[in-house]
Structure formats: structure tokens, C-alpha cells
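This document opens with one chain alone, in C-alpha cells, the form predicted alone.
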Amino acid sequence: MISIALFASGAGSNAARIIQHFAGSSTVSVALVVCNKPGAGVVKIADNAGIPVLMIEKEAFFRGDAYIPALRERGIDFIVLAGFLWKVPSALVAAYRGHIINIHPALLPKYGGKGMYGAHVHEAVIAAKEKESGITIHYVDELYDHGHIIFQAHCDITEHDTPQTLARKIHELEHTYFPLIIEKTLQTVKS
């Protein structure tokens, strides 16, 4: 059984889809939700699913032990960033190298990097008059939105699209593909 930890900072719609996808799985367990924002919607989603939540604090995450002992103690084999807004510290990347993936709401390498998350990405894509956008699922390394790309899905952008309508298209792609690509990726990873 591969035990995964979902790291999330917000409402948790992707986390909810992932939890639902792996419910009852005999090979993958969503064993922990890690959150950096008290009161985030993902906390309630985890509670409702009976999944423990680890609330993390910035100083301990970046300058302490990056919560590696807490993850090891819980038997976490793999980490999925599902709307987690902090950069993953080098110590955690090193401890879980090749075992951390992220989803980004654009077609990397475009529109990635520091400050490029959520609405900021969609606003930049629309402002640049791009004809398409999409999602990128990639391994996490020491740089923002930089690791090896696992999967991309595209959507068209029309002249009538706004950052809000583009966000809806992107969420649809995320909800459709992220759980499936996690499952496929886990099949190639030894715990």
C-alpha cells in the first residue's frame, strides 16, 4: 500500500477529487492532509473523509525539520501538492526526491515561477492573448514549477474568455486528470 500525503492551502477541490478517487483502493491510501492555513476548506474535507490533518507552521517548515520526521512517522511514501502555495524546502525535496508531484494551472514552462498561482496565472495568460492554456503535472525539485513534466492537458482560449472563465476550464481539467495521473505515476514508483 502506498501512503500519500496531500499538501493543500485552500478550498481543497482537487484534494476532494483525489480522496474520492482513491477511496476503497487496495494499493493507494490518502493517509494525511498537510495544510498551512487554519480554516482552509481542505481541513473540513479531510475531517469528513476521516483523514488526519497535519497543520504546519512556516518557521518549522522552512527553517526547522520541514516536518520530515512527522511524515516518516506516519509512513508517507509520496507527496501530492494540490493547491499548496508554499515553495517546498530543499530538505523535503531531498528526502522525497522523485516522490513529490505538483499541479500547475498553466502550460509550463510558460507562466510558472514565484507569484504565478491561481488567478495571477489566468490574468497573465489572458493579458498575453494566448490561444490556449491548460494544466501541467510535474515532479517537484528545488525551483518553482521546474521539475520534470509528467503530463499536460490543453484547453482553448476564446476572445470572450476572462480570467474567471479560464479558471473554470482549468479546474475542469484538474479535476478530470489529476487523480488519474497520480494513479498512473504511482504505478511506476516504488514505495
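Don't overthink the numbering: it's just position in the shown sequence, from 1. Just so it is clear, the model here is predicted, and its values are computed rather than measured.
The same protein has a further form, the form predicted in complex with a small molecule, not shown here; the description that follows concerns it.
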| item | value |
| --- | --- |
| Selected contact from 103, 79, 71, 88, since only one has a non-hydrogen atom within 4.5 angstroms of the small molecule in the predicted complex | 103 |
| Contact test in the predicted complex: residue 168 vs the small molecule, heavy atoms, 4.5 Å | no |
| The small molecule contact at residue 96 in the predicted complex, heavy atom, 4.5 Å | no |
| In the predicted complex, residue 116 touching the small molecule (heavy atom, 4.5 Å) | yes |
| Contact of residue 11 with the small molecule in the predicted complex (heavy atom, 4.5 Å) | yes |
